[in-house]
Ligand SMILES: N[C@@H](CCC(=O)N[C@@H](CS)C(=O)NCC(=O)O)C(=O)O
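Only one chain is shown below, in structure tokens, and it's the form predicted on its own.
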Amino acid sequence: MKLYYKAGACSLASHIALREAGVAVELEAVDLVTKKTAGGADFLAVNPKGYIPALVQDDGTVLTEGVAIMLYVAGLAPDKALAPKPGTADYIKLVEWLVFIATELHKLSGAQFSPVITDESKAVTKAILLRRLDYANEALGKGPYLLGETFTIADGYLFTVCSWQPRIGHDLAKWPNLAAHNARVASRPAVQAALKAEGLI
């Protein structure tokens, strides 16, 4: 398999899932401005949407959207318990967290990096983001992970989005449960391997 990624971006969550699952993967960085890959290929030929992540499976099938990739990867390694069994209440809770992170944390955080969004709009989205981080911090009080005692793909995704917060002026110390969760996830060997492979440590 090959994962098209940008170091430290949302694709890190998919990368972490792959490492946690023990799935061998080739990495190819993407310049999101030029839409060229590190190998000089046209990324739009891989993913016409133009953004990462994109996972090319061994049969050539391309899977996009981080949540879909993470759920797919979790299904490849059921023994790793990266997702509860489909159809269970815990599985629905996992999906709930993935959607919350994608729509309420990822998108709101990402807006803060956009050069085309006005300062006024950024202030509005930032205020909403702070409330969503408050919610996630409170929910993690039951921890140590989002679904309790077991690390899941949602934890890797939350870690990824929280790692952006200092870059947009948010000190995670304001949310001690989130800060502790980030440190806990960062210490996992698979996460360390993903961070090292992306040149982040």
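These numbers come from a predicted model, not from an experiment. All residue numbers refer to positions in the sequence shown, first residue = 1.
Here the subject shifts to the form predicted in complex with the ligand, a form of this protein not shown in this document.
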Legend entry - Partner proximity in the model of the complex: residue 36 to the ligand, non-hydrogen atom cutoff 4.5 Å: no
Legend entry - Contact flag, residue 154 vs the ligand in the model of the complex, heavy atom cut 4.5 Å: no
Inset, instruction - Examine residue 146 and determine whether its closest non-hydrogen atom to the ligand in the model of the complex is within 4.5 angstroms. - result: no
Inset, instruction - Give a yes/no on whether residue 50 approaches the ligand to within 4.5 Å in the model of the complex, heavy atoms considered. - result: yes
Inset, instruction - Could you tell me which one of 139, 32, 41, 168 places a heavy atom within 4.5 Å of the ligand in the model of the complex? - result: 32
Inset, instruction - With the ligand left out of view, choose which of 25, 9, 21, 185 has a non-hydrogen atom within 4.5 angstroms of it in the model of the complex. - result: 9
Legend entry - Partner-facing stretch of 58-66, 146-154, 128-136, 172-180, counted where any non-hydrogen atom is within 4.5 angstroms of the ligand in the model of the complex: 58-66
Inset, instruction - Sequence order please: the residues of 99-124 with a heavy atom within 4.5 Å of the ligand in the model of the complex. - result: 106, 107
